[in-house]
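Given next, in structure tokens, is a single chain: the form predicted alone.
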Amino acid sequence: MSLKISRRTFIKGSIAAAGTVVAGTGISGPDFAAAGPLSDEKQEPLSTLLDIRKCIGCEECVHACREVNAAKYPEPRKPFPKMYPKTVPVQDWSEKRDVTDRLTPYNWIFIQHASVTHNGEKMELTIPRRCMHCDNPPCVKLCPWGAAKQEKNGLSRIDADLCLGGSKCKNVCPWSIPERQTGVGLYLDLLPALAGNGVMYKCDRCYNRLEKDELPACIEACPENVQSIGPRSEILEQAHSLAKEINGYVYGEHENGGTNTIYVSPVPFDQLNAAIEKGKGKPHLAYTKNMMADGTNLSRAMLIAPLAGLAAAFGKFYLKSKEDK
């Protein structure tokens, strides 16, 4: 069976069937449904557990993400405005939409490969990589335009309607996750020559599916049950239980003060980090300190918060006035 047919089969599967993926790690479908809606103010943050031993690198998650989120992808307006200063880079992925071996505005999850030898055993491991969805995300706290937000269920996302593409989110992200597409967004109407030159994009953990108690596409499509989702405390409990069972290692619990993306590996993560290809659009797997524990960032966040709120309010007002014309 081809990957394409397999992908569609999984995407079109029922939530009841998808619930067995979650149930396979001890989290039942009803538990997920109770934790899923963004409207539940008392919910615990949702986390995902990725058992990288199970990943076979088939890219089903990659293709499912692209298929389900295609309507969110940018359609840039060309030719691009000339930017001042000229050092502001044009970043155009619109002619490279098929790239799947790194993060781009059109590819929010990709597979990293690692060839390692651990305890005398040679291993080939493949690792799904996307936004880590931090507990205290610097991309959200330090966005000057109020375009990045964190929902009550712990996911962080960028509002493409409000983003001016200034890349502050990418600069403060320990993994440099967000990617910019030039020629799209609010800057074209407001300050096409001076603003941020586009919109930043990253995984939003299928927030619109979670609102309907549906699984994120990457989880639903995976044929190997690599990922599961549930309340963070339960996910961490299972991660440590699994790590103990396989004499393995956990990543994401403490990195950047804690994230809602938790990996379990049979190999130490510093060894994996040395083995994977890193660079633009290809994040590391090293330990990273809590960016928001830094006094400078805390001070900036306190100063930015009210200004970001005003900027977001203005952006929403402007967009609404355009719709009313």
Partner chain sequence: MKATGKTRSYGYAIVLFLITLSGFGQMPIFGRYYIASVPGLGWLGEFYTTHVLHYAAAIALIALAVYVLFDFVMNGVGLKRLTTSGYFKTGIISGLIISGCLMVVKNFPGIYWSHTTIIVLDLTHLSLCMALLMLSLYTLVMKKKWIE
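Just so it is clear, the model here is predicted, and its values are computed rather than measured. Residue numbers count along the first chain shown, from 1. Note that the rigid core is defined as the largest set of C-alphas that superpose within 1.5 Å between two forms.
What follows is about the form predicted in complex with the partner chain, which we do not show.
- Only one of Glu255, Glu234, Asp159, Glu179 lies close to the partner chain in the model of the complex, with a heavy atom inside 4.5 Å, and it is Asp159.
- Only one of 199-207, 95-103, 161-169, 223-231 places residue heavy atoms within 4.5 angstroms of the partner chain in the model of the complex, namely 161-169.
- Residue contact with the partner chain in the model of the complex: Asn136 places a heavy atom within 4.5 Å of it.
- Although the partner is absent here, Gly279 lies well away from the partner chain in the model of the complex, with no heavy atom inside 4.5 Å.
- Of the heavy atoms in Leu298, some are within 4.5 Å of the partner chain in the model of the complex.
- With a 4.5 Å cutoff on heavy atoms, Leu188 does not count as touching the partner chain in the model of the complex; it lies far away.
- The partner is not shown here, but in the model of the complex the stretch 133-171 reaches within 4.5 angstroms of the partner chain through a heavy atom at Asn136, Pro138, Lys141, Leu142, Cys143, Pro144, Trp145, Gly146, Ala147, Ala148, Lys149, Gln150, Glu151, Lys152, Asp159, Leu162, Gly166, Lys168, Asn171.
- Remark: with the core as the superposition reference, the CA shift of Leu298 between this form and the one not shown reaches 2 Å or more.
- Whereas the shown form places them at one spacing, the Cα atoms of Thr296 and Ile262 lie at least 3 Å closer in the model of the complex.
- Distance between the C-alpha atoms of Met302 and Cys143: longer by at least 3 Å in the model of the complex than in the displayed form.
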